[in-house]
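We begin with a single chain expressed as structure tokens, specifically the form predicted on its own.
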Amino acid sequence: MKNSKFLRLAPWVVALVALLVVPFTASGYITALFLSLLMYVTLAYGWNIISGYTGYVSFGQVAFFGVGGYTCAILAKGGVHWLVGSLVGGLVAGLLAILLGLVMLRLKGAYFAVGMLGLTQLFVALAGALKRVTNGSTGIFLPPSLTLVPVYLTMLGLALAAIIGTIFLHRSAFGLRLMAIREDEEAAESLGIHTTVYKIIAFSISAVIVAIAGGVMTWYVSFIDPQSAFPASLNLTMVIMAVFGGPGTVWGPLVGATSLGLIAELLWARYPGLYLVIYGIILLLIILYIPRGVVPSLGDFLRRRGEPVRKRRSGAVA
């Protein structure tokens, strides 16, 4: 029993050790690449909580990315450590998500998705208008990071926390209630589940994860303005990566973020003029032929392969 547990954990331990040594042994380019992948993993897991498990597909979680980034930048300008600023940004985004959730989560389906998209544009406008706080379109400049190591290790810790949290969520009563809301919200209410409360909690947790990542990346980039704080491309990327891997699954965001992140980097390096076209074609093929995502489709395939073996064993026993 102990040996089997060790064998299951060994690959994960090796992967974690490899990730830990990256900023100390690899080049700056490789470290920056892995930092980006860890950010994508974190954002995909954050989106997965409200959209994958709860079923409220959001096209506006990047709004909280910007809130976290601006909070970190403003506090860092005032002398607060960037890590503290990032955590405070997560707290601010979580509280904001509770307030917004009381309104936004009354919408369902496409109305919620479009509403969140509009909310992001509202945040862009506010960031540009509040010049005394955000410095408007000029943006906020921060001291450049002299080393990637602290930022990288922080993002690695955040990604691990998102993964471990999702594992516990998937196995918990809270996670089962979220999945019940996703499958049939009215039926969940009839069973005594306070759907509004659970939706707001999921929305807030998702916002916290995304916002902390926004704060860390703002310190890494050393600059933030309305356009870089709320990039539509980043919002679409986190959605695509989670959907590709398999929304509402434990390992889907990890598979989607790492595989698509590496594919995008390789295409950009080899075909800088065409990589967006090629990337788009690949995504289109994936959506057409693997609509449920890689992880659920792979699970179905393995189960089908295992059925003949189980039938032969049961026949032999009979």
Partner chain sequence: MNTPGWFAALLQVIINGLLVGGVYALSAAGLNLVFGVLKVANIAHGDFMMLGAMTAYAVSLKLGLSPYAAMLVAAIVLAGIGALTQRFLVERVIHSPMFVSLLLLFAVSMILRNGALHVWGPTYVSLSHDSSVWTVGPLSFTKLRVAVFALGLGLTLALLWLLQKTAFGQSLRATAQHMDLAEACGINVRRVRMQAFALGTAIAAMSGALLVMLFSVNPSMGEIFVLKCFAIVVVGGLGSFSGAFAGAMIIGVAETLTSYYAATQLSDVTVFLLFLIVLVFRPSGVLGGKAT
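On a predicted model such as this, the values are computed, not experimentally measured, just so you know. Positions refer to the first chain, counted from 1.
Another form, the form predicted in complex with the partner chain, is not on view; read the next lines as being about it.
Of the residues 239, 92, 76, 217, just one reaches the partner chain in the predicted complex with a heavy atom at 4.5 Å or closer; this is 239. Think of it this way: in the predicted complex, the partner chain has a heavy atom of just one of 114, 221, 161, 153 within 4.5 Å, and the residue is 114. For the marked spot (104, 119 and 280), a heavy atom within 4.5 Å of the partner chain in the predicted complex is present in each of the three residues. Contact check for residue 273: a heavy atom falls within 4.5 Å of the partner chain in the predicted complex.
Although the partner is absent here, residue 284 sits close enough that one of its heavy atoms falls within 4.5 Å of the partner chain in the predicted complex. The partner chain in the predicted complex comes within 4.5 Å of a heavy atom belonging to residue 243.
In the predicted complex, the partner chain sits within 4.5 Å of a heavy atom of residue 57. Only one listed stretch (82-90, 138-146, 96-104, 161-169) carries heavy atoms within 4.5 Å of the partner chain in the predicted complex, and that stretch is 96-104.
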